[in-house]
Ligand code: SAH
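Shown here is one chain on its own, the form predicted on its own, set out as structure tokens.
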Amino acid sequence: MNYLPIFVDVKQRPVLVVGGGHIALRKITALLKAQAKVRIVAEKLHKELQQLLAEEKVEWIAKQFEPSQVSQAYLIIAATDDAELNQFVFNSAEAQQRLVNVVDDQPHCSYIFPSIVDRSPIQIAISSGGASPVLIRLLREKLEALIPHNIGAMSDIAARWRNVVKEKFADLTQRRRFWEKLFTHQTFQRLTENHQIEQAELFLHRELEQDNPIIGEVSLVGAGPGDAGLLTLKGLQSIQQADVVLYDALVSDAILELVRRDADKVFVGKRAGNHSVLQEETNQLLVKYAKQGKRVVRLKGGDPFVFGRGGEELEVLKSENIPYSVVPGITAALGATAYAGIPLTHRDHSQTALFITGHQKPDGNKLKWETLAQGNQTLVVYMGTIKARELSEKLQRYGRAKDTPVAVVSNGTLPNQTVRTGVLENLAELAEQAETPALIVIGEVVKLHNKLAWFGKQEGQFISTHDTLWKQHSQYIAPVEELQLAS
């Protein structure tokens, strides 16, 4: 951050404004709204400033600036068209360690005025640090359209009733849930929109008198494959309303940044060969937090119901009579392949797509290799790099051609995404070189990667001669070294 964003209370505090023209008027108008005591130094005043002076809303303390005037000011603003004078004001303020703003001269500002969306007492300040005022103005216009005008009235009511609600609900979570329910209630919103403040407060009082216990709930939320932009709107709403978020190792830092700041974040991730938290412990935590009346989010990479063990967790919640919901996410097979330019189906190459996992329960059902090895289909393998050699051998044994195109996509949808391509015979070597988490894609659609790749860093792309050989159904298999092209 180039600036620390803060809101300053200037109520009845002296603010020195050097300048008496149109720009000074704009700043003084904002200062008066904040109830500052404005002191002006200028040779002459804009006619509207003269009117403010006549109404005793500002003081005209001098026509010439002197460094001694700075010592009596809480903030200083230089708003003249005289660059030399502005520099003198800036130097004087800096020498006395006073905050100073030289209008439209960012290098000579120890504080800046942000663009403001004002729904008093709600205020939203937006700034680019002086880098792009036009962009900030466009952003403010969007926010103005999105933020309802009655939000200020809602905040005023909340301020008046805050202590009453605190007496009713000693627990912080209960208070938060009460306010969330009130602020989103259609009746309360309608009354404040129509400026029926007394009726709105009566409605609040009735809601407060209802003795409804706070019941915890759990939401299974799919975080998607990594790119925060792929998180669904409902998923974003869920993690911003949660009291507790239990998250996996595959949830990206960018998505965790979107979790509500005061929510408890609990890591329950698992990785092959390094199980940090057993599934049974995760289940117990979900039940524990929900029974405490908390709003719990189980945040999973990809989709909760695609190799995410979401069904197992819901079975536990169901047995404990805990309310739950599911927010689907974009699974890695969809996200990572799309970002790699590999369509899962294509009329010329694949009419079927199968998702399998490289990790199964020891006593689980065995894979139907005869089905998996069929041609004209795309096979997507989750968590399969460790068993890539076995996968390659079994597919070839049951009939899949050894020159079937394959890809290993690492860190799919993230800025450090890499795609290594080769053929089925060399899958084990490709998997050994790949970073995890990685997704394996097997099938003729992988040939389209060279043509359609659009995102991230592509490593080990097929050279054009191999593409030609594929079209001729050649049995030629290139060594792995030839398949690894420098990026």
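From 1 onward, residues are counted along the sequence shown. Predicted model only: the values in this text are computed from it and were never measured.
Note that the form predicted in complex with S-adenosyl-L-homocysteine (SAH) isn't included here; everything after this is about it.
- With the partner omitted here, the stretch from 162 to 170, 68 to 76, 345 to 353, 378 to 386 that lies within 4.5 Å of S-adenosyl-L-homocysteine (SAH) by heavy atoms in the predicted complex is 378 to 386.
- Contact annotation: of the candidates F90, F307, W179, F113, the single residue with a non-hydrogen atom within 4.5 angstroms of S-adenosyl-L-homocysteine (SAH) in the predicted complex is F307.
- This chain is drawn without S-adenosyl-L-homocysteine (SAH); in the predicted complex, the residue among I28, A438, V445, V41 with a heavy atom within 4.5 Å of it is A438.
- Although the partner is absent here, I151 lies well away from S-adenosyl-L-homocysteine (SAH) in the predicted complex, with no heavy atom inside 4.5 Å.
- In the predicted complex, S-adenosyl-L-homocysteine (SAH) lies farther than 4.5 Å from every heavy atom of V259.
- Within this chain, V117 is remote from the site of S-adenosyl-L-homocysteine (SAH) in the predicted complex, having no heavy atom within 4.5 Å.
- Among heavy atoms of V296, none comes within 4.5 Å of S-adenosyl-L-homocysteine (SAH) in the predicted complex.
- Although S-adenosyl-L-homocysteine (SAH) is not shown here, in the predicted complex the stretch 241 to 263 places heavy atoms of just one residue, L250, within 4.5 Å of it.
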